[in-house]
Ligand code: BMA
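First comes one chain, alone, set out as structure tokens in the form predicted alone.
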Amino acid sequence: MPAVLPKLVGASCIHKRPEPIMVASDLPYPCSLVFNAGVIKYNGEYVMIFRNDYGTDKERFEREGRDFTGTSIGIARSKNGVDGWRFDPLPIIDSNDPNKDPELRRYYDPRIVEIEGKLYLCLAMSTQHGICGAIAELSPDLKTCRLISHSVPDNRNMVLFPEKIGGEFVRLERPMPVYSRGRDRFDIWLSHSPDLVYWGRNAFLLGVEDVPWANDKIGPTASPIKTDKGWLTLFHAVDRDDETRGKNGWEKKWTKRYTAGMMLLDLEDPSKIVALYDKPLLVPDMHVETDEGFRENVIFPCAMLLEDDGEVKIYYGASDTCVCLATAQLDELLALFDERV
């Protein structure tokens, strides 16, 4: 299905690579879809932590209704963050691990960040009784990870700031309050912690109604970048139109479109929005994003890196199927806020 209506246009300063940088066939173990990957520069190379759904294909999914039989979190490395990815032989986490807690169903949608020399993962964690946001520490050799804490259901899309603010860890999150806001009317919140275990001082940050092109839900994406003007922060935004959208990927009906937006948060108090860019930054407009894939018309960033030359790399999942890369210059991104800063 082509790009859905109403038509949206991304920022002109964004440059997308025309082809995915990682697809399912690249992996050295079973994979149907590889997407929503966190990326960090670590020990002189780029480290990607990615989601892998496996156990079915498009034909069996549509014909037999066979769902994915597993989800894993894998690791790959690259010298330039674009190609030449080298994969660890096995995933670091697998939903079919026979030794896992029986309450736990799977981890997915990883983000990775380094804070004071330690590597932390933010993950969605599906349990038998709801979806939680989880935080884990990844070992320096990238071989093991240790669960530090998780929220109560239902919460997800957690993202840690890359440094402590006021002596505390800070995270963005997306609670899922079905009753208070209505189904799929989800917003972005912020919370603080002294130790990554106990979280509080929760503050509402951004609502669906604050994003002009969204009518469904919004949520955090990648760890923010620190700039002179504030924390450059991405978010995903969802609009849906049940009247004109039908089958849009493998599923019988998929009516949502995921885009990415951008805001600046105060450096000392990130619960304050300095500026909100009032147009979408990234939209599904390439063939791989709109005409093929599990859930088409989906852009979902999970990593944003600032290079020494001012280039910003944005890694995103496309159509819940593959990993793509967009770039822009930091000064051009910040210039989009000029009228509001």
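Start at 1 and count along the sequence shown; that's the residue number. Source: prediction; values computed, not measured.
Below: the form predicted in complex with beta-D-mannopyranose (BMA), not depicted.
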For this session: Find out whether any non-hydrogen atom of Lys217 is located within 4.5 angstroms of beta-D-mannopyranose (BMA) in the predicted complex, and reply yes or no.
Result: yes
Exercise. Is Tyr108 close enough to beta-D-mannopyranose (BMA) in the predicted complex to count, meaning some heavy atom within 4.5 Å?
Worked result: yes
Exercise. So in the predicted complex, does Phe300 come within 4.5 Å of beta-D-mannopyranose (BMA), heavy atom to heavy atom?
Worked result: yes
Exercise. Does beta-D-mannopyranose (BMA) get within 4.5 angstroms of any non-hydrogen atom of Trp254 in the predicted complex?
Worked result: yes
Problem set entry | Interface stretch in the predicted complex with beta-D-mannopyranose (BMA) - options 66-74, 29-37, 282-290, 303-311, non-hydrogen atom within 4.5 Å | 29-37
Seminar exercise, completed: In sequence order, the residues of 262-295 that place a heavy atom within 4.5 Å of beta-D-mannopyranose (BMA) in the predicted complex are Arg295
